[in-house]
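Okay, here we've got a single chain as structure tokens, the form predicted on its own, with questions on binding and movement later.
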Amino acid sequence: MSELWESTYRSKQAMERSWTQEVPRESLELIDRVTLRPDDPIIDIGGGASVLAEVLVSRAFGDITVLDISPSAIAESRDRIEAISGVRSGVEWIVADVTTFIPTRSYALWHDRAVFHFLVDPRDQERYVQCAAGAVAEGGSLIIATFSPDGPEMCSGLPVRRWSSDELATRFATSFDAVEHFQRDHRTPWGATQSFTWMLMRRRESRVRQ
């Protein structure tokens, strides 16, 4: 899997990739719903080459982690941020597969636009859910976007698992409560549309037994 994504990022420019966004509007819309302090830790899953990290840097968030399976995607985003700022951004960059990632700290916000729907094996889905549950602090937030039930069945030559908001809420229900959801069309750089389900969830707090 990592070889496929590395090849994709090396062989295609940003405007040749269906997932490219010039402005991450939906992500920011949901992030604005969450009460975050400038020093709250944020992790962006599959965020290599996305502009979200640089937007968050420009908003003075100071504790950002970007995780992606492709080193080239990470390098693209890191180089772009450093070219804009002229200095190293302070963003932590992690090259890893989220299904085998072992978090070493807690985050106030977990963000994922278009990674989870590539996990078609229920075992990988469960590994992802457990990883998120272990990484998000109690009371913290999770933002996730996947292809909706009427979205594409394939992407980048791979099958995907399409999700409704109810299905996502159920899949994450062991540790997260649904807060808000909506469905939006993403327009690719060449004008096609892809329907996405967006969800904001909150990490459930543990109940201490008396």
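Quick note: we count residues from 1 along the sequence shown, nothing fancier. Computed from a prediction, not measured in an experiment: that's the story for all the values here.
What follows is about the form predicted in complex with a small molecule, which we do not show.
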{"query": "Contact of F118 with the small molecule in the predicted bound form (heavy atom, 4.5 Å)", "finding": "yes"}
{"query": "Contact of A83 with the small molecule in the predicted bound form (heavy atom, 4.5 Å)", "finding": "no"}
{"query": "Contact test in the predicted bound form: A114 vs the small molecule, heavy atoms, 4.5 Å", "finding": "yes"}
{"query": "Any non-hydrogen atom of S70 within 4.5 angstroms of the small molecule in the predicted bound form", "finding": "yes"}
{"query": "Stretch in contact in the predicted bound form with the small molecule, which is absent here, among 28-36, 177-185, 45-53, 161-169 (heavy atoms within 4.5 Å)", "finding": "45-53"}
{"query": "Contact residue in the predicted bound form, chosen from V91, L109, V98, A132 - any heavy atom within 4.5 Å of the small molecule", "finding": "V98"}
